[in-house]
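One chain comes next, on its own, written out as structure tokens in the form predicted on its own.
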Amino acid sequence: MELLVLIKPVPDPDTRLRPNAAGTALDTDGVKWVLTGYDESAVEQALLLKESAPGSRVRAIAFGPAPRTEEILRSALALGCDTATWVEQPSGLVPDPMLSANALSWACQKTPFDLLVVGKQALDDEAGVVGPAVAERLGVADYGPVVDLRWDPAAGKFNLARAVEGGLERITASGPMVVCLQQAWNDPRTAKLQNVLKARRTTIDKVSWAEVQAGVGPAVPGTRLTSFRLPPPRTGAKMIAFKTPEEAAQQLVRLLREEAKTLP
């Protein structure tokens, strides 16, 4: 079984973010880049499927600038992915999700696959667009948000469950297909030291930006970031003194209307 997993470098949630001097983008100086949480689950899910179907191989693919993209690809290799592909993003280009999907789908066309797994959304833009857009461009079905995905060797099909309002929808499907994963059914594994050292020496395949443009045409983002600012600092909680729940509700409504100005 050939498995692809799409990943993306995002700022570490513990990193202190700040806008650049112009207020038009994130200042990346000193930012630590990591796998987004859903992508961690996607990698784990691909590795679990690999273990359940002997002979399977997992390729991690990422689109982004150097060096952060190569770093997270090596993180995926250290976790157990067999190969990795870096789709080059030139310096100065700020892609939107659709442009990223175009570049990634072009790279995926070069590798026949049975299943492509991707996190349902990235931690930075929360768009949730790349997975379905890649499936559309590859002409395969996509399912999401999937919370459970397993391989049935007897039937030669995938059994998956995805969240719907009020419960779970269970589906049996054949590849190739794209699965947008909400979470793996167990916690993502931690890379072993020997695998980390091995990943540093592994060759990462590269798809140049010129090759991407030749395949998908001139890359012009459909959206443009015009401003970037941090939310106002929190002022702390305000305690409400009350004797009954009804009194607490009345005071809360009054404060929301008169002070917070969030109610008419």
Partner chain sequence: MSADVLVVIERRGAAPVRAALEATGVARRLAGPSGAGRVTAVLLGTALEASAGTIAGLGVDRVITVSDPRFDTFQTALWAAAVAAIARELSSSVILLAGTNNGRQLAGRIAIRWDAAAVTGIADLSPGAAGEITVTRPVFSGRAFQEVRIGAPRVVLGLRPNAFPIPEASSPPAPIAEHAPLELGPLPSGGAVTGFESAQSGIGPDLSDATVIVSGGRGLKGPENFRLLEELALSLGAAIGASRAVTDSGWRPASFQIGQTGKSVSPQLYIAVGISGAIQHLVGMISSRTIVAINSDPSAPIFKVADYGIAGDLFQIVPALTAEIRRVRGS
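Take the two forms, find the largest set of C-alpha atoms that superpose within 1.5 Å, and that set is the rigid core. Predicted model only: the values in this text are computed from it and were never measured. Positions refer to the first chain, counted from 1.
Omitted from view is the form predicted in complex with the partner chain, to which the following refers.
Heavy atoms within 4.5 Å of the partner chain in the predicted bound form are found in exactly one of 229-237, 49-57, 210-218, 191-199, that being 229-237. Between the partner chain and the residues Asp82, Glu88, Asp114, Asp125, the one pair within 4.5 Å by heavy atoms in the predicted bound form involves Asp125. Taking non-hydrogen atoms only, Leu225 approaches the partner chain to within 4.5 angstroms in the predicted bound form. By the criterion of a heavy atom within 4.5 Å, Thr172 is counted among the residues contacting the partner chain in the predicted bound form.
By the criterion of a heavy atom within 4.5 Å, Met98 is counted among the residues contacting the partner chain in the predicted bound form. In the predicted bound form, no heavy atom of Ile204 sits within 4.5 Å of the partner chain.
Shown here without the partner chain, the chain has Glu246, Ala248, Ala249, Gln250, Leu252, Val253, Leu255, Leu256, Arg257, Glu259, Ala260 in 246-260 lying with a heavy atom within 4.5 Å of that partner in the predicted bound form.
Fitting the two forms on the rigid core leaves the C-alpha of Arg201 displaced by under 2 angstroms between the shown form and the other one. A movement of the C-alpha atom of Phe228 reaching 2 angstroms or beyond is seen between the shown form and the other one when the two forms are aligned on their rigid core. Once the rigid core is overlaid between the shown form and the other one, Leu26 counts among the residues whose Cα shifts by 2 Å or more.
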